[in-house]
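Below, in structure tokens: the form predicted on its own, a single chain.
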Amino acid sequence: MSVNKEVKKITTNTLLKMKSAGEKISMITAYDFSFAKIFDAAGIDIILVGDSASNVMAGHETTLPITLDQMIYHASSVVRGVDRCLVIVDLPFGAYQGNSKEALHSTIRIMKETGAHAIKLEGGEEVLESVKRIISSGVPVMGHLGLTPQSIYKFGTYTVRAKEEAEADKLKKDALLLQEAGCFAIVLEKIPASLAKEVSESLTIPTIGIGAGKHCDGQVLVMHDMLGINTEFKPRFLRQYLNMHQQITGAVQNYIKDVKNKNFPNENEQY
């Protein structure tokens, strides 16, 4: 019997049990009620209300423009669709970097106004004070190391992180610091698989990989990429499970044709 089938609700504690049992954790992003309902019913372990909403929902080039109010709107929509999985919300850029009081204030707003279960923030040692303050208030925190999209202008590129020894050493140190501070899990984004394996084995808390290889304790993908809604983004780490872009285009074109040909609605589709 798998750990996730034994529980009525997935909690941060369930994830720790899954790691120790060697059971992989599945995580996907969602931003609205309808998709959250589908993913939860399908049996996903975690839904991340990602600041990737900035890209896939609002059409921005980076994750930087999305506001705390917008994240709260998306998160509260998702929570209303969920019965069983854990819902984690990204703290958006600017909602925690300034100081730990601001970080706590942003977190409290998310928790009170959305009903979500945890928050995620990017960075290691730099954000440690905020992590500790949030956790001491009783809110679970997921860390995020490697490629941290909110710092994209600092990196200047979306290429693989921590290939050099200095950056790899800092990442290993940061992972341990986040664990010691009380994080319940850490996302590892776009780092060499060998480094992700080393980090995952050095921690008692689970790692969730995106472009970090198969040795992480779980995996996360952005729903629009995985379902083939978004066709422009094709990194090596992405496995596309559906081509919704093609299917939706076909459906809409059939609908247009039926309307133009006076074929819709027919006798049975009217009152």
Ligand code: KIV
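Position 1 is the first residue in the sequence shown; the rest follow in order. Quick caveat: nothing in here was measured; it's all calculated off a predicted structure.
What follows is about the form predicted together with the ligand, which we do not show.
- Among residues of the shown chain, K190 is not one whose heavy atoms approach the ligand to within 4.5 Å in the predicted complex.
- Residue contact with the ligand in the predicted complex: H144 places a heavy atom within 4.5 Å of it.
- Residue contact with the ligand in the predicted complex: L48 places a heavy atom within 4.5 Å of it.
- Contact check for H117: no non-hydrogen atom falls within 4.5 Å of the ligand in the predicted complex.
- Heavy atoms within 4.5 Å of the ligand in the predicted complex belong, among the stretches 199-207, 34-42, 218-226, 242-250, to residues of 218-226.
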